[in-house]
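What follows is one chain in structure tokens, specifically the form predicted on its own.
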């Protein structure tokens, strides 16, 4: 059930929720919570989301079957090892209780430093999602309170530990209940949801996050996959100010490398909003050489450039998606744009 943590520490029902999505992990929290900490490392990831009060949520995961491959050959070698039974699955499910005991031991040490009595409860291991997960639920008190869960996903092979933490007066159980009721640890049908602040977009699972900029009026996520294909998602605030002196097409040409790729701007429509789109190709000799080198193994060098931008009056935001793709990758930008929720 939708919840909102109010100023007095109680929980309001039927309020909208905030979707958090990062590296395949996604969950719901009250709307005033925001992402404040994260890691770029997919194999050993971390997220922290803060409320405007004293509560926060933490998520940590290890992904032993995922190590960023530096080449197609390395990726193929890892895939072959996985196929032959390498990794966690070959030895059975991991010992979640041992991992959880170590986690709670560290929490107890922190409570001891604050001279608080620490108590914890751990429920027996159980299966979830039709046997896809093995999980332990846990709770603790001592210098505050926490409710959490640790689980192993037999499909994506991740071990995830997550908890909601707050003071004794905070509605930790209600927030944790919402968070864990819809929480997922991997994408679906080859796509992952990335959701932070007011940006929600779907990205193919085989793209890895390479760089990010998270500022008050500007967000940028840059992804790349083996072969050199690149995807950039951007969001600007205060669209009415940015477009006061320029049309959307003029702004697009000034902000994105349209002319650099000899692209022509055409009017279009995205999510019911007026949009502009362009397509072109890599022209710089150095960029051309780099694309050929990176795409040699896949025989699909990212020499084609496509981009789209649109203004959402309801959110007062400008969104842009840029793609550097190979000849064989058709329709990627349309699929990504269709998965962007702007309001």
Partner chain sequence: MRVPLALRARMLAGKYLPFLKLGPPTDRSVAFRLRPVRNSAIEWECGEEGEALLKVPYRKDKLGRALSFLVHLPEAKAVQLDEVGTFVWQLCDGEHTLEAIVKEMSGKYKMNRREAEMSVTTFLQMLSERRFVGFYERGGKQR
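Residue numbers count along the first chain shown, from 1. Keep in mind the model is a prediction, meaning the values are calculated, not measured.
Beyond the structure shown, there is the form predicted in complex with the partner chain, which is absent from this document and is the topic of what follows.
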item: 235, 238 and 317 all contacting the partner chain in the model of the complex, non-hydrogen atom within 4.5 Å; value: yes
item: Heavy atom contact within 4.5 Å of the partner chain in the model of the complex, the stretch among 287-295, 31-39, 274-282, 302-310; value: 31-39
item: Interface membership of residue 98, the partner chain in the model of the complex, 4.5 Å heavy atom rule; value: no
item: is_contact(residue 197, the partner chain) in the model of the complex, heavy atom dist at most 4.5 Å; value: yes
item: Contact label in the model of the complex: residue 217 to the partner chain, heavy atom within 4.5 Å; value: yes
item: Contact of residue 213 with the partner chain in the model of the complex (heavy atom, 4.5 Å); value: no
item: Contact residue in the model of the complex, from 105, 254, 264, 244 (heavy atom within 4.5 Å of the partner chain); value: 244
item: Residues from 130-151 in contact with the partner chain (non-hydrogen atom within 4.5 Å) in the model of the complex; value: none
